[in-house]
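As structure tokens, one chain now follows by itself in the form predicted alone.
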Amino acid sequence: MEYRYSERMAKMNGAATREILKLLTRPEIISFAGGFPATQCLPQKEVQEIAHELLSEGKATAVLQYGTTEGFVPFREELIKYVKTAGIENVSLDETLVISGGQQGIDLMSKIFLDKGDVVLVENPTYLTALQIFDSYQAKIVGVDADENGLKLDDLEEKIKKHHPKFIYVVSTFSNPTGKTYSIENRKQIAEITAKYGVMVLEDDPYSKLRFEGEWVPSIKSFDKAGNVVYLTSFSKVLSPGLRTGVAVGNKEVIRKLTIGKQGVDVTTSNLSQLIVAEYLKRGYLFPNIEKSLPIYRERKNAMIAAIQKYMPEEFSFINAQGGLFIWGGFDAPIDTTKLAPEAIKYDVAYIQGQVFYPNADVTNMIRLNFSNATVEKIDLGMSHLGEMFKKEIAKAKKA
């Protein structure tokens, strides 16, 4: 049988992180690949308590029935309070849509804005699954250069003029994969430049609550005066990825289109998940749990930095992010991290090669390391194995 797949499937290979997840069934593998929250940070007791109450007699019907596509109203009311922590004020109900995780927000934005050949601008590098989603809608993806302050504004404006993009996608706080955070001035300028040219911005914010040091910065959405910024956030990293729950905030006309797009996908985000998260927020559980989680992540990040300095070759340099879940680094040496990823598995370690985070560039020397889902002891052991492998490869390259 010859299967006649759609044209859009041509570029849709399995995302690198999703393929890596299969390796986690092997207990000997130390994974620095996927962005898993620490198991100790998942609030099992509180979620179990809430779920039990929700499924008790008299309340179960609302949980088990269909819900509205826009989302459970009491949950959206809690979400309006929640996004104030990103500096987003005066949000109405019809400017919110409950989504099944942040990735659904990226997919819905692509669904309502992108036709074949349309341009999306992204930070170079950016979140690999976003690239895969844009590819699936047959968009042309163009990278915008960035520095320690955020997007390079001259390059952003030049590429807006040249390509007339439908929207720009950014992870502005603790960017995936680099861990960078855009400055306040950079955020203001992105909002102003895009409004000037009538370009939408999709701001993805899964990590901003995981700050270990430095000062809080408001979202790009907080500077939106033209209604051209859609803000996404989810509870995957700060509560539970398994609940698949988040929110999109934007102009009510855009939110209405996103809602229509969602109706054809999953009708509604799980009522049980929505009600659990709504009650979790209402009871004030979220921020104490985040405060309890931050020392765990900080300790693991510091352990990884110490292990990098101890074991990795001197040709390796990295970004020391103020928060998030990742360390981004690269080699000043002729080394191909894509080819070496399978070799690392032989050393019982997994990482993500940098190449997959770039839309068009041929980058062979970068890697992303996740520190959140391994103990301090495993971080040290895994980095010792990686360091051994990379030192051997660099020595071979120098002899060649």
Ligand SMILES: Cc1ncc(COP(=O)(O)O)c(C=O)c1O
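One-based numbering along the sequence shown. Bear in mind that the values here come from a model prediction, so they are computed numbers and not experimental data.
What follows is about the form predicted in complex with this ligand, which we do not show.
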As a check of understanding, the residue in 262, 237, 301, 187 with any heavy atom within 4.5 Å of this ligand in the model of the complex should be identified as 237
None of 328, 127, 167, 280 but one has a heavy atom within 4.5 Å of this ligand in the model of the complex; the exception is 127
Considering only heavy atoms, tell me if residue 106 and this ligand come within 4.5 Å of each other in the model of the complex. yes
So in the model of the complex, does any heavy atom of residue 194 sit within 4.5 Å of this ligand? no
Is there a heavy atom of residue 101 lying 4.5 Å or less from a heavy atom of this ligand in the model of the complex? yes
Taking any heavy atom pair closer than or equal to 4.5 Å as contact, tell me whether residue 182 reaches this ligand in the model of the complex. no
Partner-facing stretch of 254 to 262, 171 to 179, 142 to 150, 194 to 202, counted where any non-hydrogen atom is within 4.5 angstroms of this ligand in the model of the complex: 171 to 179
So which bits of 199 to 228 sit within 4.5 Å of this ligand in the model of the complex, heavy atoms only? 204, 206, 207
